[in-house]
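Below you'll find only one chain, the form predicted alone, shown as structure tokens.
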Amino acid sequence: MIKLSQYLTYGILQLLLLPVSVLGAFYAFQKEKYISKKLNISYTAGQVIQGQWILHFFGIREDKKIIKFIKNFPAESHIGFYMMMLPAIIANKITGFTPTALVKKNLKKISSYSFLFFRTMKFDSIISQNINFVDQLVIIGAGFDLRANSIKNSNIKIFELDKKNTQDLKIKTLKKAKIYDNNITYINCDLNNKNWSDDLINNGFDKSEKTLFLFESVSCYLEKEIVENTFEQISSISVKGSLLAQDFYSTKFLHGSEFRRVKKGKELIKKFGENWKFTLDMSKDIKEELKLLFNTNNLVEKELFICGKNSTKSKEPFYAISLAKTI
């Protein structure tokens, strides 16, 4: 009865406030699209913080800094998001309603939409479970993610790597929002440069200290040889027992036609000069595919979370998060 009441309340509010939601979604999308192109920054880099904004407003992942950041970030709209999500937010305040997609935990049932929220929460979990057992955190292709700003262990050395345009705008926004963290070392980096790890070492990275590398939703925009070089670079500068947390997308998911929303997304990001490239064939044994990928770079799988086997037409998984360690 409680669930029925929650969804009924949400349904009524959605009908009543539909014009507000549509207007908010349109404004947020247009602002993101226009400003991203104008400032020549990654359009997709903003997708991560949108999900974090939503999780915060439903009390699932408290992050006041992400709200301050988005309010001061030129390529996103706090007001637009709020208008878009207003029916669900009010329903949450009145009845405790929470969209199912935000809290799905059954890996086999995670969908092509709910995985966005699962991804955020799982990487959060991996960081919190391992951060006190390493000396350094390196976020490769950090984009506008603010996880590093929430690390409470002051003994951890933190490095964020990304392209200059993206990183400069992030730093400017952090300072404007008054949440800039002096403990984070920001390094301009392009993974297409095969020796990018030199920049990391030259900025204080210690090869003798155990490190957690976070490589979230970046490899899918790179050629396979660049991904393999990234693994090679990580392995070459890491002490035994260092960790690599990253995700993988299936070939069918990003390059097939099974997912209409993904297909439209692919067409959209092309307009911004971004393309999905590296994938894994998840119609086969994913563990074996990863073993082949990791073995040549002194990496071995520690944990693996495979998503979506029962939520796709093909009954094949489409997404996976891996935690590997150097050997």
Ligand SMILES: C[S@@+](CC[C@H](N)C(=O)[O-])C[C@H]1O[C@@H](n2cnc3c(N)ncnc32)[C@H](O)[C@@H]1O
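Since the model is a prediction, treat every value here as computed from it, not as a measurement. Numbers for residues come from their place in the sequence shown, where the first is 1.
Form predicted in complex with the ligand: not shown, discussed below.
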property: Segment that reaches the ligand in the model of the complex - one of 202 to 210, 160 to 168, 102 to 110, 77 to 85, heavy atoms within 4.5 Å; result: 160 to 168
property: Contact at Ser236, Val239 and Asn295 by the ligand in the model of the complex, all three, heavy atom at most 4.5 Å; result: no
property: Proximity to the ligand in the model of the complex, single hit among Ile90, Leu222, Leu174, Ile156 (heavy atom within 4.5 Å); result: Leu222
property: Contacting member of Ile127, Val134, Leu191, Ile184, with respect to the ligand in the model of the complex [4.5 Å, heavy atom]; result: Leu191
property: Non-hydrogen atom contact Met282 with the ligand in the model of the complex at 4.5 angstroms; result: no
property: Contact label in the model of the complex: Gln50 to the ligand, heavy atom within 4.5 Å; result: no
property: Contact flag, Asn229 vs the ligand in the model of the complex, heavy atom cut 4.5 Å; result: no
property: Heavy atom of Thr44 within 4.5 Å of the ligand in the model of the complex; result: yes
property: Neighbours of the ligand in the model of the complex among 211 to 250 [non-hydrogen atom within 4.5 angstroms]; result: Glu216, Ser217, Val218, Tyr221, Leu222
